[in-house]
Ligand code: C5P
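Only one chain is included here, represented as structure tokens and corresponding to the form predicted on its own.
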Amino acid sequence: MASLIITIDGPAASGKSTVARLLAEKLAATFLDTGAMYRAVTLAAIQAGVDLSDEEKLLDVLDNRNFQFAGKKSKMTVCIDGVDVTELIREPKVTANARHIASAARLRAKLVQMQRQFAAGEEKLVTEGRDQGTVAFSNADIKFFLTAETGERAKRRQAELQAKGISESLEQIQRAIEERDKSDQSRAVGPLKPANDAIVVDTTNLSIEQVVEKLFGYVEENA
């Protein structure tokens, strides 16, 4: 297991992925994007045309496709059966359906196991998701939980999509975020919530750089 594990949890578009990646850079640590794992299984299931509400079929997809996740310090690459899908897993259709994978208890358990296996091969790790500090790495050295107002998160997600040439209304995006929040918070396994010992940071009025510096300062003082 890594000698230093830092978890960053939070709801969709709270900035956790970007912050985790940049913090990993500053710490010369490996970045583990757990959301990419859920998205990869979602993409594979969509490609296979399976019913996303059928847990048995989803398990078949996870067990019978070859998923490869490689952490190159500040970037995580994802391959399915040898094909690089790092960009494909970010498409809106995949994002919208990842909740099916996240709420399937047996898939979630397997993916948590994969996350721990990934960590075992790294010296220092910054990992982000929704249950990293509560489930996957409950004994992590430092735990953060990022939050932001829903409207601000919708604006951030819209900007991300526009940068990729994807146009969606702010109302659609906010509605999707609210639905995802409800799904994440109410699921029986690994629900979205701060760990009891997590440091909660509201990023609504902070730039990405300010959030990274805030977290980095805490790590320097307490690691």
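Each residue number is its position in the shown sequence, starting from 1. Note that the structure is a prediction, hence the values are computed from the model and not measured.
In what follows, reference is made to the form predicted together with this ligand, a form of this protein that is not presented.
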- Heavy atom within 4.5 Å of this ligand in the predicted complex: which of Lys26, Lys193, Lys155, Arg187 fits that? Just give me the one. Arg187
- Query: Heavy atom to heavy atom, is Val85 within 4.5 Å of this ligand in the predicted complex?
  - Reply: no
- Counting only non-hydrogen atoms and a 4.5 angstroms cut-off, does Ala102 reach this ligand in the predicted complex? yes
- Query: Heavy atom to heavy atom, is Phe31 within 4.5 Å of this ligand in the predicted complex?
  - Reply: no
- Item | 4.5 angstroms heavy atom contact with this ligand in the predicted complex for Arg90 | yes
- Does each of Arg39, Ala98 and Gln132 have at least one heavy atom within 4.5 Å of this ligand in the predicted complex? yes
- Segment that reaches this ligand in the predicted complex - one of 161-169, 45-53, 177-185, 60-68, heavy atoms within 4.5 Å: 177-185
